[in-house]
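Subsequent text provides structure tokens for two forms of one protein chain, presented individually as structure 1 and structure 2.
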Structure 1
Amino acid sequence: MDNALRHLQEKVYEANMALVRHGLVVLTWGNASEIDRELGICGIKPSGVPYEELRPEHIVLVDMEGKVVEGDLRPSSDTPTHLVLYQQFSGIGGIVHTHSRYATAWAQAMRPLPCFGTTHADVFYGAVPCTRPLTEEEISGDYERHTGLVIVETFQNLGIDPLHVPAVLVAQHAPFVWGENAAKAVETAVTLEEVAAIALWTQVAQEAWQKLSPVSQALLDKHFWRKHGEGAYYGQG
């Protein structure tokens, strides 16, 4: 095998294993890919192979039409989605798809992920969009390809640069993220999951503040000074 292709397999393997280390995947729910645009070849995780059994040589290499050019295993069932994104978003070089808990919750709620603070703004230039649901015809047809097409449609309709917002929530499904290579896409997936969690708890905190009253001054005084005051009596000291 050409050294460039072997190196591509190794990079895609490392990206997939990084998803496990970061806790973004369970069982076989996820995949990472990277494209060598000069060769027109994409490396992607094989379908349904447990991560603990995955090896660099298992990474499947496909051309831009999805034809396997290297490997004995079937590529990920999400391969058509990845290929649509590579074809339509020319500036990206790596893609990650997970069903990570918090980002998937936003996708299942069919809500964009708002930018509530600087942690989000450091990576995503505004809200991470959520697609429309796929139609029955799209689901029953070339489902994975239509998933890619509805992502592209979402960015076009909203006028979002995919390099400025390198992630999307597929309605009632899960997130896809991307970057200049697979390793960068993994980093973005980690960030997306973290800001999805922070955003959820931000909303919980805001709602709680509107409904709950702070502890009374009397109760605050009692509990603080019984440990820290001159007449403290908590403990054995």
Structure 2
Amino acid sequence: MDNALRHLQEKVYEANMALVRHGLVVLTWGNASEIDRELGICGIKPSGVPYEELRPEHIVLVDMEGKVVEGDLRPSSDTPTHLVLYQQFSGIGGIVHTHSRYATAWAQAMRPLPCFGTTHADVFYGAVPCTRPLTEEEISGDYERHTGLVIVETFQNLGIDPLHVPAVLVAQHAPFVWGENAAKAVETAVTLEEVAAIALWTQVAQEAWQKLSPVSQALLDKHFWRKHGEGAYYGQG
């Protein structure tokens, strides 16, 4: 058992550091967790610890009620959200929470991220849903647990299988992403951020196409043919 927990800490540590490497977090924002369903133990990032100081042994181990079973550090303040998701989405093994720039923009717009192309469709079977905003009551009492509950409610109301759309946008907050383990959740968070960005630029492309005019044939001819074909005079030819 000891070994299983050390291994869990290692994996959660690696996933948290991968968030930094992929540019998904700044400062101490964001956290990754993984669950050992056999032991009923979840490993999660400690609250507010800078990534450069983070070590595998700092990963906090909590039981399904959120009680720390080992270690002196406080777990992430988002721990109750993670635990609700592990309880309600039985098929998942790892969770990632970030405030990555583009996915957070969609969460702040309080809009689902529609599937505008195959990059999205490869990973998410339809729009990534956005929750409703929390009520004042939900915010003032047990806020982080309610964040988990509103995610579950969203998937239930929309009839979405969380294994088919392994991410959500929490309204006015940021994304939560999950998968079979923490490493897989990180990978899906990378995809979410990328498709969130591409979706924005799709809109700007649409506008550019409608409103701008191309260059003249003369300029097109000049620039293409000064680099191509017999009359080219660019380079050391």
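Treat the numbers as computed from the prediction; the structure is a model and nothing was measured. Superpose the two forms; the largest set of C-alphas matching within 1.5 Å is the rigid core. Numbers follow structure 1, counted from its first residue as 1.
>> Deciding between structure 1 and structure 2, tell me which is the form predicted together with another copy of the chain.
In response: Between the two, the form predicted together with another copy of the chain is shown as structure 2, not structure 1.
> Thinking of the change between structure 1 and structure 2 as two rigid parts moving, are Thr119 and Phe89 grouped together?
Replying inline: Same rigid part: Thr119 and Phe89 travel as one unit between structure 1 and structure 2.
> How much does the lesser of the two rigid parts rotate between structure 1 and structure 2, stated in °?
Replying inline: Angle of the smaller part against the larger: 21 degrees.
>> What does the CA of Ala218 shift by between structure 1 and structure 2 after fitting on the core? Give it in Å to one decimal.
In response: That residue's C-alpha sits 5.1 Å away in the other form.
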